[in-house]
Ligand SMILES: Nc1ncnc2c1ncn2[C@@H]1O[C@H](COP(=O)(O)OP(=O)(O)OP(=O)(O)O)[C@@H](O)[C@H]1O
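Have a look below at one chain only, the form predicted on its own, in C-alpha cells format.
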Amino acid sequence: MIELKNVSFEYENRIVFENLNLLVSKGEKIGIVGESGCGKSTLLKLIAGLYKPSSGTLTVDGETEPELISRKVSVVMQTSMLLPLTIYENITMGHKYPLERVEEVCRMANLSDWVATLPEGLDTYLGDRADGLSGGQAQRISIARALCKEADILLMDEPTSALDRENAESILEALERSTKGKTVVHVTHRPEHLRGYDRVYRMEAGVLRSFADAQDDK
C-alpha cells in the first residue's frame, strides 16, 4: 500500500505541491498524466524514496524512511542511469539472480536480440557514459533491471519515452503481463498508455484530479 497524508514538498524555495493526499491499495494500478513541470515526476521520486516530504506523512509498504522505502520498490525513470559495468551487472545490481531470470527479463524488455549480436553478450562492458548505446537500448536495460528486482511495487516515469512505437507497445504489453498482482504507479504524458488501469489522475499545478473530471472541465 502507498499512502500520502497531507504531503507537501518544496524544492529550491518553490512549492511543488501542498497537502497532497493519495491512497493506492495493494495490487492497484494507477496512472498520473500532466504537462512537464506539473510535479508528477517529483511525486514519483517521493514515492520511490529519492526525496523526503517537506511535511506530511508518506508510507510505502509500511515504511516511512526514504532509505527503507527504496528497498521496497522497483523504479524506471525517464533518464536511464547506467553504471560502468557489464550489461549483466547493470541489470542485477549486485544481487545474485539466476541467469535464467536475467534472460527472462531481457526477453520482456526486448533486449535479447540485441544482446545476442554482441560478442560478449550479457558480459559486454558499458563505458563510463554507456558510449555507443542508443537511448532505447539504455532504457531497455533499465526496464530489465526494474523487472529483475521483483519488488511488489513498480514505479515508472515515462518508461518508453526513448523507444520507437513498435518497441514501446511491445514493452508495455510485457509490463502488463509481468506486473499482475503488483502495485503500479505510472507517470506519463500519454493517457493511451494507461488503458486498463484502475485509476488515472491528472496533475495540474501540484493538484491531483480524476483524469475524467479534468477532461470534462476542458
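Nothing here was measured: the structure is a model prediction, and the numbers come from that model. All residue numbers refer to positions in the sequence shown, first residue = 1.
The same protein also has a form predicted in complex with this ligand, omitted here; what follows describes it.
*Asks:* The chain here is shown without this ligand. Which stretch in 39-47, 23-31, 60-68, 168-176 comes within 4.5 angstroms of it in the predicted bound form, by heavy atom distance?
*Replies:* It is the stretch 39-47.
*Asks:* Please determine whether L194 contacts this ligand in the predicted bound form, using a 4.5 Å cut-off between heavy atoms.
*Replies:* Because no heavy atom of L194 falls inside 4.5 Å of this ligand in the predicted bound form, the answer is no.
*Asks:* Flag E150 as yes or no: does it have a non-hydrogen atom within 4.5 angstroms of any non-hydrogen atom of this ligand in the predicted bound form?
*Replies:* Flag for E150 set to no.
*Asks:* I'd like to check something about V16: if you look in the predicted bound form, is any of its heavy atoms closer than or equal to 4.5 Å to a heavy atom of this ligand?
*Replies:* Answer yes; at least one heavy atom of V16 falls within 4.5 Å of this ligand in the predicted bound form.
*Asks:* Decide whether Q78 counts as a contact residue for this ligand in the predicted bound form under a heavy atom distance cut-off of 4.5 Å.
*Replies:* Flag for Q78 set to yes.
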